[in-house]
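Shown here is one chain on its own, the form predicted on its own, set out as structure tokens.
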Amino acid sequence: MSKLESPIKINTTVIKNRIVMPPLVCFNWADRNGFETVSRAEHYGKRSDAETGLIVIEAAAIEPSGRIVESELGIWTDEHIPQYNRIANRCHQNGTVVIVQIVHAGSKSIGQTVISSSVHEVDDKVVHEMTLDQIEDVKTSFVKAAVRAFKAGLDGVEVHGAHGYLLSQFTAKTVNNRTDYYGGSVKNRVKLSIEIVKLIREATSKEFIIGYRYGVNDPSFEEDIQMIKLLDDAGVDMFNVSAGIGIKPFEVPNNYPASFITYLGYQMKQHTQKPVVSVFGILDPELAIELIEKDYTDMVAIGRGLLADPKWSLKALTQKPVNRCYQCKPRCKFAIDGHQCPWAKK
């Protein structure tokens, strides 16, 4: 048995293998009120049927004004709970663990007037530095979203702190120039994320999985190592590592087999005892196996691979050829609309 198919424990929950479906927004598959227009129970259920160990449901907005796009799934009202309950029930039939990513986009939100850690330039937008009252409101929204996930029967949440969204705007020193206790030092810049994690734990349960999508900001990794340790101490159960603000592509060591973003996960793994998920461009089962076997990561996030082939996980575990993503140019056709993916038409 390869290590890819071995179980791993996150908090108290056992994941049956090391394959993760990361959060991949299904653009144009929801209405402006945050309700699905294409069944996510079916979308994620197909990947669950094929033995995917952990599914992270796509980014769900904690507030209407914090959406990444107008067609983003919502988790800002109790009326949204049933759509997540359907996903939970469908995936649990196969023993798949399923959590949802919760997000506020900050200065990357829809609309012309937006909030962020500090004032900074964003094309065609007016960015306001958040007041302390607004920070309290956002904390409350994150916690209420997590409670809705809990009530829906999901196994946990993933707090989105990467990709330049709100929490990433707080942790990045190139954006956060606050002079209060949410700015300045490493400890202060990660303070909001830590407070959210602790409040979610208090409002849910000891067993509820709290994942964190960590965005690496510091090319030297020095600040990120400090932040990972602080978040670990605060109660994060799993780190899904990607890019934040300020990090740019660099050459990885010659013996490292994957991308620089995947390498960020390897770097952070060395500074936490919690499971680490590494992501980006892992399309082939052979690479996924190598990353796990050589202890570069604890779990592998298979994004476009699972979009191109819902049975990717089962095929990888049984050593069968997978449908390989075409990596469409100039951009992923699934990112325009999932129905436009070439594999969706076959």
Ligand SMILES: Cc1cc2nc3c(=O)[nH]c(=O)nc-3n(C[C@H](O)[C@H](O)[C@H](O)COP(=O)(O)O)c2cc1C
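Note that residue numbering begins at 1 and tracks the sequence as displayed. This is a predicted model, so every value here is computed, not measured.
Just so you know, the form predicted together with the ligand exists too; it's not on screen, but the next bit is about it.
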(message) Within 4.5 Å, heavy atoms only, which of His163, Lys139, Lys108, Lys274 is in contact with the ligand in the model of the complex?
(response) His163
(request) Would you confirm whether the three residues Gly45, Cys91 and Phe208 all fall within 4.5 Å of the ligand in the model of the complex, going by non-hydrogen atoms? (result) no
(message) If contact means a heavy atom within 4.5 Å, which one of 47 to 55, 34 to 42, 313 to 321, 280 to 288 is the stretch that engages the ligand in the model of the complex?
(response) 280 to 288
(message) Does any part of Ile302 reach within 4.5 Å of the ligand in the model of the complex? Heavy atoms only, please.
(response) yes
(request) Flag Phe27 as yes or no: does it have a non-hydrogen atom within 4.5 angstroms of any non-hydrogen atom of the ligand in the model of the complex? (result) yes
(request) Tell me, yes or no, whether Ile292 is in contact with the ligand in the model of the complex, where a contact means a heavy atom of each within 4.5 Å. (result) no
(message) Would you classify Ala59 as touching the ligand in the model of the complex, given a 4.5 Å non-hydrogen atom cut-off?
(response) yes
